[in-house]
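Just the one chain here, the form predicted on its own, laid out as structure tokens.
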């Protein structure tokens, strides 16, 4: 008789136990950006809603920012690093292709020998990580999982590209996810539309770079108008589906935390969803810029720190970006 494989024993519910953020020290104004592109402070504010953004100093590496955000999240969750069963880092700007920066983060925090890996889903990466962590705990493959969204996009942004130079920024956000008595993380709605692969992308492959007579760092390029239309209208449908799958309506929401891509996109989504006046909308982009995978946890942390949102509030997370990839889920804020 063949022996049966044992089934891992998980839990019924999960939630976010703690959140932490790290914002780089250097503040970059629109006027500084305009030293390299033909634009103005007024145009940038009107076009994107960005007043200033954060760029990392040389010592504020992807690893350092991840560790600092994670320490805050662990402290607020009252979870020791040794209790972490997995570390997931969402990023597109760790410039060492392998090994994963998550392994270094886990080692510095004291989470070793927990498995640690990076995921690349661009701006949607953090929300992907939240879903992976929640499912991992439900399946019995861990009790506490650390999820980090981190970017140093200033390293891969062309300061002379008028379409992207004013948008991207740096920072890190982290959450500790673990078991709960009641549901704190709703079903994920996620996907990708590879037919729009070229709308946001690295401008050159590494093979192309190596073939150059004078190799240059690849940088990000974006076709802004079609991305704006896609995000503004298609993502509202994804948000509604996430609410439906969580058994909720917009009236049940306290907080809306969309990816901080562009203030006009945030406003368009809020209108399309017909959010009630009581729903607090994250607008962290104004002073942080677009930090890709870090933007949702940074924006959520900012609302909690300011008191605009509070522990126990029901929030809708949604993020979208290169790929074009997207993910959304309803969560209870820690």
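Just so it is clear, the structure is predicted and the values come from calculations on it, not from any experiment. Positions refer to the first chain, counted from 1.
Another form, the form predicted together with a small molecule, is not on view; read the next lines as being about it.
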| field | Stretch in contact in the predicted bound form with the small molecule, which is absent here, among 143-151, 164-172, 181-189, 212-220 (heavy atoms within 4.5 Å) | value | 164-172
| in the predicted bound form, residue 38 touching the small molecule (heavy atom, 4.5 Å) | yes
| If you check in the predicted bound form, is residue 224 within 4.5 Å of the small molecule, heavy atoms only? | yes
| Does any heavy atom of residue 288 come within 4.5 Å of a heavy atom of the small molecule in the predicted bound form? | no
| residue 196, heavy atom within 4.5 angstroms of the small molecule in the predicted bound form | no
| task | Work out which of 262, 103, 93, 157 lies within 4.5 Å of the small molecule in the predicted bound form, going by heavy atoms. | result | 262
| request: May I ask you to choose, among 130, 176, 239, 200, the residue with a heavy atom within 4.5 Å of the small molecule in the predicted bound form? | output: 200
| Within 4.5 Å of the small molecule in the predicted bound form: all of 47, 123 and 228, by heavy atom? | yes
